[in-house]
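As structure tokens, one chain now follows by itself in the form predicted alone.
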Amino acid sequence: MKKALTSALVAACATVLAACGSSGSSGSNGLSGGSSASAGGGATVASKLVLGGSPEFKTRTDGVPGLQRVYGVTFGSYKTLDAGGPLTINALKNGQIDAGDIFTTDPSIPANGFVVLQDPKNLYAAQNVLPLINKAKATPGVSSTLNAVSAKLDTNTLAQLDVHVITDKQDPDAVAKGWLASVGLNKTGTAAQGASIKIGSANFQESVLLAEIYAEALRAQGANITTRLNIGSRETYIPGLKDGSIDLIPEYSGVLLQFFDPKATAVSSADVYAALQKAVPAPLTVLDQSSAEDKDAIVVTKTTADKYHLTSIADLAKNG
């Protein structure tokens, strides 16, 4: 009888322990570790790592939920930092996080020998730089001025300008003026004469730089410009665009499409732009997109990449 009771107790304890184990654990920011087992069983590489990025990236369709949905990748925890800015860069350098959401044109990537993990399943769609503007402010003169900027801006140029601002710590407005002069877009004109436009930016350096480029180009064409920089994430500035507290902000086509239409499936530059034009809500619109692209990327240090044999996001879902 005693032996039977003992056996029953052991079985009951085993059942409880198994149930506890199957529920997973939560990271420091509430990310469940319940999906941290790989297809082959055992803990995944990602389940041992801390991911860092902006508050928005934690809930964005192509952020943490996208990593889980597309690649089956669930990190051990998430550290809320900034949108690919100095907080994320420094946290990755200092070992406070193991992986970060960093933009592909960021000069900190080559400067620190960081490794950009490949995205073979195209979680991150095309991300062309373009102006998002209140439609009432998109007069023919304003539109032609901003479209001329987009026509001159390419990815290599953007990366070089980022070096001046991010690495060399130059003033974004001075860098903007210098580039506009170099491509002949600083000449005084009257195309935007009489327009009064409030230009905003997100809270990372490239967005500030692009806002200054738009501002100086429009000033050269006679517009009255005020700037409101480092506003924050889309949850903050999109309402501002709709209520008129800001009129114009630099944006990225793919992530903006996902913001307005989380079910969007477009990937290529042309398809994303076409879908975005339809998805932008009133009273907003987008103007011409540039060929300059700056995508989100999951970035790790070379030490982490070598330790876990990482070349692709998919590698994070393998046994650790």
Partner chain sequence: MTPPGLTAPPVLLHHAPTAGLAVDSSPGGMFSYFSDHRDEVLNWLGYHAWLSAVPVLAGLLIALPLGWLARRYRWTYPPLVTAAGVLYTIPSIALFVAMPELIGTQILDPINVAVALTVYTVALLVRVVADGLAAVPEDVAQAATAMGLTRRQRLLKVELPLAVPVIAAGVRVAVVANVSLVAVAGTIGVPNLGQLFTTGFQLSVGNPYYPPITLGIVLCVLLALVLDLLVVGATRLVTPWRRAVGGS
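Numbering follows the first chain given and starts at 1. Everything numeric in this text was worked out from a predicted model, so none of it was measured.
The same protein also exists as the form predicted in complex with its partner chain; that form is not shown, yet it is the one meant from here on.
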Residue 137: heavy atom within 4.5 Å of its partner chain in the predicted bound form?
no
Please tell me whether any heavy atom belonging to residue 239 falls inside 4.5 Å of a heavy atom of its partner chain, as the geometry stands in the predicted bound form.
yes
Is residue 214 part of the interface with its partner chain in the predicted bound form - any heavy atom within 4.5 Å?
no
Give a yes/no on whether residue 188 approaches its partner chain to within 4.5 Å in the predicted bound form, heavy atoms considered.
no
Select, from the options 142-150, 124-132, 215-223, 87-95, the stretch whose residues sit within 4.5 angstroms of its partner chain in the predicted bound form by heavy atom distance.
87-95
170, 231 and 245 all contacting its partner chain in the predicted bound form, non-hydrogen atom within 4.5 Å:
yes
Give me the residue from 192, 161, 73, 197 that has a heavy atom within 4.5 Å of its partner chain in the predicted bound form.
161
